[in-house]
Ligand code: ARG
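First, one chain by itself: the form predicted on its own, in structure tokens.
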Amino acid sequence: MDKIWDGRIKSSTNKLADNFTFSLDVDIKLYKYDIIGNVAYAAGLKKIGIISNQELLKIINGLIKIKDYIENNKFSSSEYEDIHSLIEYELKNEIGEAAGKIHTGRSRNDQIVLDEKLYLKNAIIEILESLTNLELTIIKLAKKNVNIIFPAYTHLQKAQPVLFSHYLLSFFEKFYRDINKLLTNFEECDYLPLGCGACTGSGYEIDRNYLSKLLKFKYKAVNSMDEVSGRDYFQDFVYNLSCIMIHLSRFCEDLIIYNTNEFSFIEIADEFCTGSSIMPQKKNPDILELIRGKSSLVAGNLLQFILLQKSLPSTYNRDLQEDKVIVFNAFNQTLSSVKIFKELIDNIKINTENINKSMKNQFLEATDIADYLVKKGETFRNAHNITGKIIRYCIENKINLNDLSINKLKDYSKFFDVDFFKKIALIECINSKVTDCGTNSSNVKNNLKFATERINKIKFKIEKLKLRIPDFNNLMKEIQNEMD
């Protein structure tokens, strides 16, 4: 097959070079966006007199056929270098010389940026919807277990009592930040690249406002050199995906630990576990482990993307062909992980009895003992020291705090009184945390309500974003209506 640059390059491309530059196996994912971009750009060329009404109609009908060919695998992928050449040459086969006009004033440089941005806007919405479903599942699980008291850990050591619902909402907040980063990502990629050409702009008076309207871009790129070379929007996307995966990985790590026989705080449903090939008794949390493993792949994708751009000179360089395989992998790994994790936690069992047993005689009330003394008049540093001595005495004598008499406690501090044991009951420890970010019951219930309100607002925003995505069929109707 002739190359689009045959006028300048005399000899045929070396077969190894053909294979080395081949990218259709990756960028075939962009076919729908490339076709949408071609339709809109052809309409833009018609608007300035480059293409006639009749030619535009032939181009549109030809592109509709090519879309069908691609979706039904009716072409030989080995014949084409990339998705752009496939569509352009197949269009020529369908409609003849009129196909040669659709690249007027356009470069593959601004063409690929358009395809990537249309892909990205759709991908962001898909991830946003999956994260929103996960957030709703977290809220549901927290509401269902709102009053369960749970040991909070620092350094993987039992630290203080906390409501299990408060623990779950800590991950709600992490994913909520991820959602907001994605919303920003959408805005920052919503700049029309058409008209930028190879790097200096187009020599044709393309109506960029018209193209923005057809392709539903909110803004227009300002600098042609920046637009054809910049991949910030992709890099930000991979960064956002890596944040999501790190948050998932940390959640998975907790659940893997809590699922062990040593903890037995939770039980993962059989449908999300596997067995051992040799040990019949095993029930392994493989899904959680795989998500944890995949998080390293997505984090690696981020580093790949940064290094890909690190030493590039200005404007477009062929290195950027490799950006798509990185982004597609990060997206697929993240989307599948979010979806299956949502299903897994939706079917998780909380073992309240084992959680309660784990908190007995663990001195989780220690901080509240110190706080009790401070509120009675002791300095905190003295209160901390006194509490430490009491805990050590209990451990050495193998007794519990409740085994101590008030008289014995007064040996350590005159501030101990008959209200002490009531004040260090676990529910009292929970409700003593009065700051509005803390774990007290009233605050958690308010935060659950607030979380629901925030997610409902996010759902509304996502629906609004969908209106900023061009739909193939609607685009065809809009252009054909203009032609009538």
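Please read these numbers as outputs of a predicted model, since none were measured by experiment. From 1 onward, residues are counted along the sequence shown.
A second form of this protein, the form predicted together with this ligand, is not displayed here; the remarks below concern that form.
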query: Heavy atom contact within 4.5 Å of this ligand in the model of the complex, the stretch among 152 to 160, 215 to 223, 107 to 115, 165 to 173; finding: 107 to 115
query: Close approach of residue 321 to this ligand in the model of the complex, 4.5 Å, heavy atom; finding: yes
query: Contact flag, residue 305 vs this ligand in the model of the complex, heavy atom cut 4.5 Å; finding: no
query: Distance check, residue 294 to this ligand in the model of the complex, heavy atom within 4.5 Å; finding: no
query: In the model of the complex, residue 316 touching this ligand (heavy atom, 4.5 Å); finding: yes
query: Heavy atom within 4.5 Å of this ligand in the model of the complex - the one residue of 82, 368, 178, 90 that qualifies; finding: 82
